[in-house]
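In the block that follows, a single chain appears as structure tokens, in the form predicted on its own.
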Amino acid sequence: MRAIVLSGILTLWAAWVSAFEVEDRAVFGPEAAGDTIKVISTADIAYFEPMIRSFLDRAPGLRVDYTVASSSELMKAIQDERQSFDLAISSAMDLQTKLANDGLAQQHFSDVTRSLPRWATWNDMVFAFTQEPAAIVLSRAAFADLPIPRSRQDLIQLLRQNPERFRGRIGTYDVRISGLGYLFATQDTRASETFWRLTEVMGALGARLYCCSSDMIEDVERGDLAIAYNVLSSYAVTRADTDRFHIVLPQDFTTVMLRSLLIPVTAQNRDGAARFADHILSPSFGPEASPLAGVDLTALQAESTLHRIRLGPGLLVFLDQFKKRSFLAEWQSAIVQ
């Protein structure tokens, strides 16, 4: 009997240890609501709350249980643990594509999805609803007497000329734990070899590694960082303290991420998820309803230096285990010196 009890305890402990990590959680809507839509998302609550409240204004009988997790932990929850979330929303387009490609997403057809441009949907399972450029965020105080770098080559030259000023004061993603960071890094390498030179220079200056854009921007605002590389501009432009930093979209090329959603095969409230998805994807869903939706798409499409990442199987290339191990080994050699 004691052995059986011990075995049960060990099983529960192992399950607890392997559970995906939750960063934040909030429930919206009346307690007496009949149905709940369970959402897992990489977007902070503050950025997504306007979307949720806008939706609930039109669907008063529903609640939204919103869980925030990193893109890697979202993948773990859906792929490894088969958690019963009704909607998965992520900035890591490659991981979303993999979930769909591996049969872990349901197809969704509606008048709204049929009206989407071709670049915003893949196999009627993954749907994009924002375009968010990756930016370089610079402390105004640190650059008070320095020229603002407008390209990666400018940044490399500036760092080489002022190593002591920037030593330990550069932030970028730890691509080993950040799915979005890995996506941006691999897309950078596709666009230019400059990425590797910049990574080596940042590594030589003791670059600090982060999980999230919001943490990097916060440290620039506080003065702990002078430079944050490849952060989401959508998280920077909506802050109240933008007078403390410059937001630079590199003129050599700017990678544009499409935040996307899908309905997992484990969804328990499929109808509610479809309604919420259509609300998010709807053309009538205005920028005023969310900071994440406030990007001028027309301006983005007109800019030749803005490179929109394309949804589709091409994103799976760097998720191949051999290629990923090779990339991470090269990245670690460059950044961890």
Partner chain sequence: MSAPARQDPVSQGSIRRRLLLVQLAGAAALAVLLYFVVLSVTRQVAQQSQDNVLAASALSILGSARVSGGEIVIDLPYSALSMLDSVTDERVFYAIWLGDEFLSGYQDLPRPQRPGEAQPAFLEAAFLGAQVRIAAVERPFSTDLGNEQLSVSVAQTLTGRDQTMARISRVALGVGAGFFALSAVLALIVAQSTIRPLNRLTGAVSRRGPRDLRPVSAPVPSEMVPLVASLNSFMKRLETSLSRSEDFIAEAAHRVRTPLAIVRTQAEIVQRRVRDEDTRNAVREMIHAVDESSRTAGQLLDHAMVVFRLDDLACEPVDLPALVRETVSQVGVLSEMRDIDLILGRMEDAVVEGDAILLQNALRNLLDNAIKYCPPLAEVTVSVRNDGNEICLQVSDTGPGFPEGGKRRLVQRFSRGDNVSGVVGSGLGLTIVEDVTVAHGGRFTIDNNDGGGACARLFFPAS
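Positions refer to the first chain, counted from 1. Since the model is a prediction, treat every value here as computed from it, not as a measurement.
In what follows, reference is made to the form predicted in complex with the partner chain, a form of this protein that is not presented.
K.L.:
Looking at 160, 114, 118, 222 here, can you tell me which has any non-hydrogen atom within 4.5 angstroms of the partner chain in the predicted bound form?
P.N.:
Looking at the other structure, the residue within range turns out to be 118.
K.L.:
Give me the residue from 243, 102, 164, 80 that has a heavy atom within 4.5 Å of the partner chain in the predicted bound form.
P.N.:
Here the answer is residue option 102.
K.L.:
Where, among 44-52, 269-277, 62-70, 305-313, do residues come within 4.5 Å of the partner chain in the predicted bound form by heavy atom distance?
P.N.:
Only one stretch qualifies here: 305-313.
K.L.:
Indicate whether residue 192 is a 4.5 Å heavy atom neighbour of the partner chain in the predicted bound form.
P.N.:
Although the partner chain is absent here, residue 192 would stay clear of it in the predicted bound form, with no heavy atoms inside 4.5 Å.
K.L.:
Does any part of residue 318 reach within 4.5 Å of the partner chain in the predicted bound form? Heavy atoms only, please.
P.N.:
Contact with the partner chain, yes.
K.L.:
So in the predicted bound form, is the partner chain close enough to residue 325 to count as touching (4.5 Å, heavy atoms)?
P.N.:
Residue-level check for residue 325: yes, a contact with the partner chain.
K.L.:
Quick one: does residue 152 come within 4.5 Å of the partner chain in the predicted bound form, counting heavy atoms only?
P.N.:
Heavy-atom contact with the partner chain at 4.5 Å: absent for residue 152.
K.L.:
Could you pull out the residues of 108-128 that have any heavy atom within 4.5 Å of the partner chain in the predicted bound form?
P.N.:
Stretch hits, in order: 118, 121, 122, 123, 125.
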